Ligand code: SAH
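Given as structure tokens, the chain that follows is alone and in the form predicted on its own.
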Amino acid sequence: MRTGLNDMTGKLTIVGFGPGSKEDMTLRAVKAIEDADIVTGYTTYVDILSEFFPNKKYNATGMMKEVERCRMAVRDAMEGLNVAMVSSGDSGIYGMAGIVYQVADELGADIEIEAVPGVTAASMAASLLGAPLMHDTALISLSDLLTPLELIMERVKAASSSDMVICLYNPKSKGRSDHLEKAADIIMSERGPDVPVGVVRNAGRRGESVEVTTLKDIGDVEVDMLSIVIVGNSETYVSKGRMVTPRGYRL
């Protein structure tokens, strides 16, 4: 721990630590966590990282406490601490990076902020499914906690009509049991029922599962908040259990 903190300018590093295994963390992410005076994050993420970095000091908050967590991290950095704000996946993709910058502006924080990218869920899921993201792709979260459902479905329709591969984050929860079904109906109206769909649950973590199905059969697959759903475009096909989206190379 450093001394004379009040006389120093702190640093806040927003760290994407990937799917959850240490093997999938980047070297920059590992170094940022190792160098931090304190690691701040969602309780579940702190539990994961404390297994790999047991000697670090941690600050944790629960779900729906993102703004509070960021204010805590920014204030610690303003006191001169080297803080690592951790997110699973990539901190700039449905992660904490945006909130950190907003809170830093709100508090007038004169601190150094650095974002360290990580392996996002879409990349990890795609690697397990084969090569479904080889062409233009839309990432869409089906969570309507922060975005109106009507707007989400408009985005699903726009992505579907443009024939992009669609990667769905936060596809289903107990409180949102029909959002995935609504999205699948929209996509089927554009692409038909037999488009390949990949579902990866707990990507890169214990209990990982991978399944390839079709839009019409998506209701038969276990899907929850720990899942990523990748819907192919009109040219995506399945070979030996792998989803492949051609880029257009001549063979």
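Numbers follow the displayed sequence, beginning with 1. Keep in mind the model is a prediction, meaning the values are calculated, not measured.
One more form of this protein should be noted, the form predicted together with S-adenosyl-L-homocysteine, which is absent from this view; the next part is about it.
The closest non-hydrogen atom of T236 lies beyond 4.5 Å of S-adenosyl-L-homocysteine in the predicted bound form. In the predicted bound form, S-adenosyl-L-homocysteine sits beyond 4.5 Å of every heavy atom of V210. Taking the partner from the other structure, S-adenosyl-L-homocysteine in the predicted bound form has no heavy atom within 4.5 Å of any heavy atom of N59. Though the partner is left out of this view, N82 does not reach within 4.5 Å of S-adenosyl-L-homocysteine in the predicted bound form, counting heavy atoms only.
Only one listed stretch (70-78, 106-114, 85-93, 158-166) carries heavy atoms within 4.5 Å of S-adenosyl-L-homocysteine in the predicted bound form, and that stretch is 85-93.
Interface residue among V200, A183, A36, A29 relative to S-adenosyl-L-homocysteine in the predicted bound form, by the heavy atom within 4.5 Å criterion: V200.
Contact annotation: of the candidates M25, I14, I228, M243, the single residue with a non-hydrogen atom within 4.5 angstroms of S-adenosyl-L-homocysteine in the predicted bound form is I228.
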